[in-house]
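Just one chain is shown here, as structure tokens, and it is the form predicted alone.
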């Protein structure tokens, strides 16, 4: 449920330009977060999607600055030490972080800003920004999640096993989030995210 906050003249955000807000979208690897995000951004270009920074190598078709900012481990560690990330976390042997300044600027200018991040980072955001709306995407079943991860054909058997172990832990954390959405039927899942953001 979106919060309607009072502003100085006694009006509400329904009558004035909306206040910015941070939206956190998370869920286990392979659940379809990225695909859902792309559909959401196509429908709502007014949303600001925060591009994360990562130390992992680009996957086929990924573009630097659009999918991620791809940087070296040493560069990432330097930025983390300087406090340049809103949150950052290690996942599957790589580091991922959300650049601080761009996100805060967009929120303060009235934008809805969406972060598609891992569980550890989502917990950091909830601690720092308790008013952020947090959404957890669930698979229809664990077997289906495994099928999707294997279907990517991008990881070794060892990496798949690591992702699946991590996914089991992450799914147990779903209740920590404001909203849980099962990505079984894609259109239904996108509509549920829209309802959370705009109703």
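Residue numbers count along the first chain shown, from 1. All values reported here derive from a predicted model rather than from experimental measurement.
There is also a form predicted in complex with a small molecule; it is not shown, and the following applies to it.
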(request) State yes or no: in the predicted bound form, is some non-hydrogen atom of residue 52 no more than 4.5 angstroms from a non-hydrogen atom of the small molecule? (result) yes
(request) Considering only heavy atoms, tell me if residue 29 and the small molecule come within 4.5 Å of each other in the predicted bound form. (result) yes
(request) Look up in the predicted bound form whether residue 96 has a non-hydrogen atom within 4.5 angstroms of the small molecule, and give yes or no. (result) yes
(request) Give a yes/no on whether residue 89 approaches the small molecule to within 4.5 Å in the predicted bound form, heavy atoms considered. (result) yes
